[in-house]
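Heads up, the chain shows up twice below as structure tokens, two forms, tagged structure 1 and structure 2.
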Structure 1
């Protein structure tokens, strides 16, 4: 009887360590953060000593021009980088989806920017944007042009941060769309070729619609990650000049460490989390919907076959 007991307990034994760690170090902190967002709390206090102030942190955020600014900067940043990266990544994938030598090398080299520490990416770009010895201003100078204040002017700094992000993350979209392209059914491609479709027609009427499910998931994944960007911007500009590149994550970490307002930082974290939660559920709902649709189509196809 004892072995039966052991067998019944096995799944729990296997699952328990991971479950306990995630509960203690992931779920508990998130719950704690939600609670802390209702407190007036600074880092020298234990949480029990902090005063409960209800929704005041959230109301403060609404009235805080700097927070609204950084919320707006975050949205702008995410929208621009994701749009540009999608266009470039999908475009390159469509262009390079051929059986050519060097493709696997290209893919390997393309992953490098994503694997390297974001801190190091920031470091490299900060050097390249250097006002005098950076490669961009050096090139401009040797062409006899005016140097550009890459990181010291608000608008240029925003553009610089976007360029660095595009360099780092376009490969992600490229690799996912290339994988999607290569898993498309060959029969559809051949059928359209026989019907005399040109390259463009093939792309617009066949490839893109068939890739759409993957593209939408890719877009949402990238969008979620775009809201999480922090280190590259921290190293490049530290949010400045002014608030021009201060995205939400950076604002949270500064509110916590420089302004020592843990409650308000927690409230900001909550806003960011809710935003991302909406995106995540959109993504999950979408992939479920696609799954159900394909299942129904397959069932219908099987019925007609019989």
Structure 2
């Protein structure tokens, strides 16, 4: 009996050091940030010297028009870029999931933007958006068209950062979608072809439902990252003109570094963390339901193939 208990506890004993290190590395910074959000704290003080003010930082956020605007810009930015990237990434994966000469080279070219550092991406697109020497406005002038104020007009600046983000991160969706496509059971594809299903019917009724667990995780990862994007927007527009491209992560950075309000910046970070946790739990719940449905679909496809 004692030997059985030891054998049962052995895996946990080996995992305990790594678990403790991860818990400390994850929980301590989060706890530190939560505690700081209840303080009137600035960089000239140690955290122990800051005044405890309770929920005042959170109440200030409710009345802060700039915070509300940044929050709205963040929601718009994340919704647009993730939707377009999912459509483009999954569409490219479906298009390139075939044996064509030179396909390996094409796949490699598609993933190159994802390998470039975000700061470099921001600088590169900033030069291309330049009002006089940028390639876009030079092309428009050569066609006899008026140049576009890419980074000096609020609406165009917001569209500009969206284009840059889509260019960089669509390959991420493409890679995961292509991997999901190539892991689909061939028996289901063959059975659908025997039944006379067209290409579109296979995509809609077979491929996409079977890919859904992977697509949900991919969507969640991109949503989280879209809410935290900073470097590209910082280099491209620095949140301007006005607050048209100031997403929440940039607002948090400016509140801490420029306005020297560490407690308020921590409160903003907690709001962002809560929002991402709600999205994560909702997506995981939906993913679980989709996994159950996909398992039933796979079983039905295999029975049909037999």
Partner chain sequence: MSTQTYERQNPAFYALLVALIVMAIGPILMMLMTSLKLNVDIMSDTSSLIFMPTIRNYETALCDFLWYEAPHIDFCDKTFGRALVNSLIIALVSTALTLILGCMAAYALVRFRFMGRDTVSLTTLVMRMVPPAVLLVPVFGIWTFQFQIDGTRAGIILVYVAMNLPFVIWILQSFIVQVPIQLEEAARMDGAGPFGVFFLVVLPLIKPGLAAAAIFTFRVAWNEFLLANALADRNSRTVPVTIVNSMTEFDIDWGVIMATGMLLAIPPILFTFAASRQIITGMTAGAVKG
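Between two forms, the rigid core is defined as the largest C-alpha subset superposing within 1.5 Å. Residue numbers count along the first chain shown, from 1. Note that this is a predicted model, so its numbers are computed, not measured.
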property: Either 1 or 2, the form predicted alone; result: 2
property: Core superposition between the two structures, C-alpha change of residue 279 at least 2 Å; result: yes
property: Residue shift check between the two structures, rigid core fit, residue 65 Cα at least 2 Å; result: no
property: C-alpha of residue 29 moved at least 2 Å between the two structures on rigid core; result: yes
property: Per-residue Cα shift, residue 17, between the two structures [Å; core superposed]; result: 7.9
